[in-house]
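Single chain ahead, by itself, as structure tokens, in the form predicted alone.
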Amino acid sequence: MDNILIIEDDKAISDLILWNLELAGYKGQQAYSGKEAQEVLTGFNPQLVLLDISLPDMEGFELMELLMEKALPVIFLTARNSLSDKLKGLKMGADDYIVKPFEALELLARIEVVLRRNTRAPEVTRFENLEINTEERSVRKDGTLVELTMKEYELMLLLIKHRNKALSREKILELVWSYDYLGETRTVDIHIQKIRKKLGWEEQIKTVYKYGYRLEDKA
């Protein structure tokens, strides 16, 4: 659940935003001034901030500088619709700029986009004796580099993501080779054989009779 801080001095609008955020599964926290927002920031740890420009004690632009220092994604949500304000907000580093009035569904869609853009997958993940660097797209087994083709790499990630679950050959084709792939499920069998050998997963990748495969962890 992502935390979203709403910095908006109009209580009715703030309450409406909060209600929609909670319906969408987010956890919202309200602040009605710049000073109150700074106090909330110390304990709430938001993943995104919705920021009004016209606050009673300061301009949102002023508060924006503090939010940038904390590397927080910001969406301006304001009645100020001049081009100069929009440009200023975006140039300061805001991820989006929405002018009131707005549709709740549009706001939620833009929030989803900003959160997705700012949520970086960890560069290095580990699965048992494997170290996977997603930025380098490299795999090391007990510290030794393992050469995988692009599809073998994607298949390995899929199996790890769904470990201990059976995946049908058709589902694997769909997720690794996409819907448009016209090949036969035999392609999956061949690639499974290759990564079994390369990663030492001969016993770990189980064949599910007349269905597909399942990667079992050793835990």
Partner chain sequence: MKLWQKVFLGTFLLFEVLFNTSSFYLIEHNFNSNLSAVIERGLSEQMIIQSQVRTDWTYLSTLNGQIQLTSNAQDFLENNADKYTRFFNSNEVFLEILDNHDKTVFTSFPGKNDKNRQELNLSESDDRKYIIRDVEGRTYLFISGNLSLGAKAFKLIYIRDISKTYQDKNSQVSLFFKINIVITIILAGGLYLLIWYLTRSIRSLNESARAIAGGGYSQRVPISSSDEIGILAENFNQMAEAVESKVAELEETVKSRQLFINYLTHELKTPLTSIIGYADLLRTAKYNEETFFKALTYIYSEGKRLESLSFKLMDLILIGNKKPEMEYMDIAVICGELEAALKPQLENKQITLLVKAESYTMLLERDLFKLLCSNLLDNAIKASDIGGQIVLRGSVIKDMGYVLDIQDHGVGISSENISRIFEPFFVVDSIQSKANHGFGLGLAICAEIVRLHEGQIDVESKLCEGTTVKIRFFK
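In this text, rigid core is short for the largest set of C-alphas that superpose within 1.5 Å between two forms. Residue numbers count along the first chain shown, from 1. Because the structure is predicted, anything quoted here is derived from the model rather than measured.
Below: the form predicted in complex with the partner chain, not depicted.
Can you tell me whether Ala166 touches the partner chain? I mean in the model of the complex, with a 4.5 angstroms heavy atom cut-off. So Ala166 counts as contacting the partner chain.
The partner chain contact in the model of the complex: Ser54, any heavy atom under 4.5 Å: Yes - in the model of the complex, heavy atoms of Ser54 and the partner chain come within 4.5 Å of each other.
Closest heavy atom of Ala79 to the partner chain in the model of the complex, within 4.5 Å or not? Heavy-atom contact with the partner chain at 4.5 Å: present for Ala79.
Indicate whether the partner chain has at least one heavy atom within 4.5 Å of a heavy atom of Ala109 in the model of the complex. So Ala109 does not count as contacting the partner chain.
Heavy atom within 4.5 Å of the partner chain in the model of the complex: which of Arg117, Lys100, Lys141, Arg137 fits that? Just give me the one. For this set of options, the contacting one is Lys100.
Name the residue from Leu145, Ala104, Leu90, Val113 that puts a heavy atom within 4.5 Å of the partner chain in the model of the complex. Partner contact (heavy atom, 4.5 Å) among the options: Ala104.
If you apply a 4.5 angstroms heavy atom cut-off, which residues in 10-24 are near the partner chain in the model of the complex? Heavy-atom contacts within 4.5 Å come from Asp10, Lys11, Ala12, Ile13, Asp15, Leu16, Trp19, Asn20, Leu23.
Note yes or no: does the Cα of Ser54 move by 2 Å or more between this form and the one not shown after the core is superposed? After core superposition, the displacement of the Ser54 C-alpha between this form and the one not shown stays below 2 Å, so no.
Lys35: CA shift of at least 2 Å between this form and the one not shown after core fit? Lys35: C-alpha displaced by less than 2 Å between this form and the one not shown.
Flag for Glu203, CA shift 2 Å or larger between this form and the one not shown after aligning core: Shift of 2 Å or more: yes.
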